[in-house]
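Quick setup: one chain, the form predicted alone, written in structure tokens, and binding and motion questions come after.
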């Protein structure tokens, strides 16, 4: 191990390598409920070539590699389950290019959401990217690698659908470019007319390679942004209301949420509707279209718009900070959720399951759903907050989340950014030939089995 440490120092330099106990402790965990595991080393490279050399060393020594963005996925995806080397991407944090007319950006693999947002605000204020409701320090590459979502998900799909090209260091050390940058200098599409090789890396949770550059679609940044809050106490109407709203094909984002506290929200289902425009006329036109779309529910007195008052500023935050506040309600700063992708028509069943689980396991919940790709599906968040110092509470959260995943699989849903336990549950339900294909891909790309082992382990 001392020889490996010396080799890492030679590759990265003294300021980018550590095996001190306090830093290994930090990299052994995330804010979720999974048991920590210590890595052997942590490195923070500055170049793709340094990552390449670390991977070549790891192959030689047969030591695991765990790539890390900011470690905020909450489901243990960067916990080094089998030790090894954590590669913290934080020093590769540059915006490399913005093509204004083609509306794409190219960023390094550790570039944070906040860095790109600030760069665009300073240099291209008329452009934006799909920003998730996560701390600004979370990284773009990690977000797309786990099929993350953002403010434009309702219109355009997952943020991984917005990728225009990749540079990847493979588990064997080769550097590979995916999409249009494999043929020239432009990063405009990951698969304009080529086989879409991005699927070998997006959704694989760092088990098939390390993303060192990402091309990302940019979108018009409208001058104005507004929000309406539509509320009903009849859960069975939510799906129909969403169908009416998505039929407009003009909304930025739609979120549905319900929670027991404070009491003003109890027993109601809130649909937050975001829309944008360049003029007051455009905003008011869209507002009228929204009201017209749901007028029938207002006429029957089954639903209505809620006055926002002080809440408007909170709802318009990008990203929103309300999730962080919810995580500390029980004190102790713990928060995790199961986030299955499912059909919008199943909202009532999932909502009932959340309330059932919270009562059964004596937990505080705040649940939400985000419409994806114009209503083709939704991400339903089954969220629990807990005190990290209360081991009994953490056990109850684990059991509740496991039951939530079983329920989602029974309903035909797809677990989103599943932890290694949920991955196993998913693989057990998967078509055998599909599972075999996954195994073939992993063995071909990572013959030594060094990349984030413990995740998507098929065999």
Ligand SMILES: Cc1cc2nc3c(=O)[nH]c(=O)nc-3n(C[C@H](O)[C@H](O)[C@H](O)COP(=O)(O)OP(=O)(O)OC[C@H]3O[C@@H](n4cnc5c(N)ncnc54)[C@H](O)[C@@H]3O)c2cc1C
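Positions refer to the first chain, counted from 1. Because the structure is predicted, anything quoted here is derived from the model rather than measured.
There is another form of this protein, the form predicted in complex with the named molecule, and it is not shown here; the text below is about that form.
Among 80, 206, 340, 165, which has any heavy atom within 4.5 Å of the named molecule in the predicted bound form? The option sitting close enough to the partner is 206.
State the residue from 332, 181, 71, 374 whose non-hydrogen atoms include one within 4.5 Å of the named molecule in the predicted bound form. Only one option qualifies, and that one is 71.
Residue 84 versus the named molecule, in the predicted bound form: is there a non-hydrogen atom within 4.5 Å? Residue 84 lies outside the contact set for the named molecule.
Contact flag, residue 41 vs the named molecule in the predicted bound form, heavy atom cut 4.5 Å: Judged by the heavy-atom cut-off of 4.5 Å, residue 41 is well away from the named molecule in the predicted bound form.
Answer for residue 416 alone: is it within 4.5 Å of the named molecule in the predicted bound form, judged on heavy atom distances? So residue 416 counts as contacting the named molecule.
Is there a non-hydrogen atom of residue 381 within 4.5 angstroms of a non-hydrogen atom of the named molecule in the predicted bound form? No.
The named molecule is absent from this chain, but in the predicted bound form, do 401, 405 and 408 each have a non-hydrogen atom within 4.5 Å of it? The answer is no; none of 401, 405 and 408 reaches the named molecule.
Where does the named molecule sit in the predicted bound form: which of 358 to 366, 141 to 149, 116 to 124, 192 to 200, heavy atoms within 4.5 Å? Contact-bearing stretch, as computed: 141 to 149.
Heavy atom within 4.5 Å of the named molecule in the predicted bound form: which residues of 86 to 111 qualify? Contacting residues: 89, 109.
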